[in-house]
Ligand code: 5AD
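In the block that follows, a single chain appears as C-alpha cells, in the form predicted alone.
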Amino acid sequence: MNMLDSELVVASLRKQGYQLTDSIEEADALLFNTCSVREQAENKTYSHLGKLRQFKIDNPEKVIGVMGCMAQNHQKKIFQRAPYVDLIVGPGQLHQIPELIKKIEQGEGRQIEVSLGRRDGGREEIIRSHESFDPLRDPEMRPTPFQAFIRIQIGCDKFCTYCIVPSVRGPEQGRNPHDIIAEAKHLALHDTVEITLIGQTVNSYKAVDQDGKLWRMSDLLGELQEIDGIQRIKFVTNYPNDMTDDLLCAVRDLSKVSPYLHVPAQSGSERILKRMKRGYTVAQYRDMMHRIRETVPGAAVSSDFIVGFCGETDEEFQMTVDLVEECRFKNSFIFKYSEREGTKGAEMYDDDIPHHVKKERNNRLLEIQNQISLEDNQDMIGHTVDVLIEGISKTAIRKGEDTGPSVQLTGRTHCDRIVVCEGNPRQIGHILPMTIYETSPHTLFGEVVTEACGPELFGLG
C-alpha cells in the first residue's frame, strides 16, 4: 500500500514539474511515507527526522513532510517532536501534496491535512474524508515496469485490538469495479504483465456498481482474467472468515490468478485470538485451510503471527507452534507484539510479556517455519516451473556483479516462490520455464529451460 501511495504522490508532483533525486542537497522537498503498524517503524521515522534538524536550520527553504499512516496517527505530535517539519498529510489527502507544498513555499506556514477520526462524524462523512483513489500511475516508482499494484479497497472495519489501521486508514470501502478494470486495461496497454490487487482485507471486497450489481472478489477476478496482456493476477492480504468457496473456485479455475493465498492466523490459541478480536476460532481457521487444500490442490499459503501478545502463556505459544507445524505454510511473517497507542489492546491489556521471552518465541517459531519451508522447497527439485523474471538479484547488485551479458536474476513462480538463476538482462519481464536444482528455506535456484536443438541444425542429417 505504501509503495502504491508513493507512486501516486510522485506522479502528481511530476505533473507540477518536479523530478526525483537521490540527493538531499538537490531536493526542494523531502517526504517521508510512513507506517504505524509497528512502533519500530515510527521510531525510525523520528530518527531520520532528527538527522535533518541541522540540515533544516542551514536550509530553511527546504520543505520537510511526513505523509501516510503515521501522519494520520500522530498528527500535531510530529510538529511537537520535530518543529522543523513543514507538512503533515494523512493517507486520504495525498493528492493535496503538490498544492500544500506550494502554499508552504509561498510563505503560508506549516500545513496539516488529515482525515476525520472514527468518532468525529457520521460514517459517510468519515468515509469521504479518507477517500483517495487517484488513477495516476508512475512506472518508475513500481518494483518493475511490468508489475503494478492496484488498490481495490481502503480502510478496515475488523478492529483487531492490536491494530491501528482502522484508525489511520478509515472505514472499509470497496472501489468501483469498473474503475479497477479500466485501470488494469490501461496498465496492460503499457506493458504490465502482472497486477497485484491490494486491500487491508482484500478478499472482503464488495462494491455495488452504478447499475446496482453487487460485485464480489470472485466476480472481479473473472473480469480481470479476460484482459489481454495481463498474465498474472495476485491479491493480498486475506481475512480467514472471508475465504469463501466461490473465491477459492475462482483461484482454481482462472489460469491467470496465482494459486497463492496470504491468510494471517496471528495465533493458535483460542483465548489469544479472542483477546485480539480476530473474529474466528482456531477450528474455523483449520476448516478454511482444509477447504483451500481441497479446492486448490498445490496452493501456496503464507501467514502472519504475533508472538508475545498480552498474557500469552508458554502453553498458548505452543498452540501456535502446533498450528504452524500442522498447516505447513509456504512462509510466515512473525512479529513480536508491539503495543500501539490508540488501540483497544493498549487500553484493555498490559503488555506483560518480557522482551527476551518475545524474542525467544519469535526465534523458535521462525526456526520451525524455516525448516518447513526448506523441506517443502526441496520437493520442488527437479520440477520445471514458470518464473516471471523481475530483475537482477540483490546479491549481484551488492557484489557489483550486475552488468554484463550474464548476471544473476531473480523472479517468482506463479505461487510466489522466489527463484534465482543465471541469465541475460534481456530476459527481465518475461515468464520463462525453469528447472529447479537447489533450494534454501526462502529461495529456489533454477536453470532456464531451452529448446533442444535438432540435429539438422548442426548438419547431421
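Sequential numbering from 1, following the sequence displayed. Owing to the predicted nature of the structure, the values given are computational and were not obtained by experimental measurement.
The form predicted in complex with 5'-deoxyadenosine is left out here; the points below concern that form.
K.L.:
Answer with one of S338, Q231, Q75, T196: the residue that has a non-hydrogen atom within 4.5 Å of 5'-deoxyadenosine in the predicted complex.
P.N.:
Answer to the contact question: S338.
K.L.:
Ok, D304, D219, D242, E113: which has a heavy atom sitting within 4.5 Å of 5'-deoxyadenosine in the predicted complex?
P.N.:
Only one option qualifies, and that one is D304.
K.L.:
Just to confirm the contact call: exactly one of 311 to 319, 362 to 370, 382 to 390, 258 to 266 touches 5'-deoxyadenosine in the predicted complex at a 4.5 Å heavy atom cutoff, so which is it?
P.N.:
The contacting stretch is 258 to 266.
K.L.:
I'd like to check something about Y162: if you look in the predicted complex, is any of its heavy atoms closer than or equal to 4.5 Å to a heavy atom of 5'-deoxyadenosine?
P.N.:
Although 5'-deoxyadenosine is absent here, Y162 would touch it in the predicted complex, with heavy atoms inside 4.5 Å.
K.L.:
Classify L52 as contacting or not contacting 5'-deoxyadenosine in the predicted complex by the rule of any non-hydrogen atom within 4.5 angstroms, answering yes or no.
P.N.:
Looking in the predicted complex, residue contacts with 5'-deoxyadenosine do not include L52, since no heavy atom lies within 4.5 Å.
K.L.:
At the 4.5 Å heavy atom threshold, is V37 in contact with 5'-deoxyadenosine in the predicted complex?
P.N.:
Taking the distances in the predicted complex, the answer for V37 is yes, it comes within 4.5 Å of 5'-deoxyadenosine.
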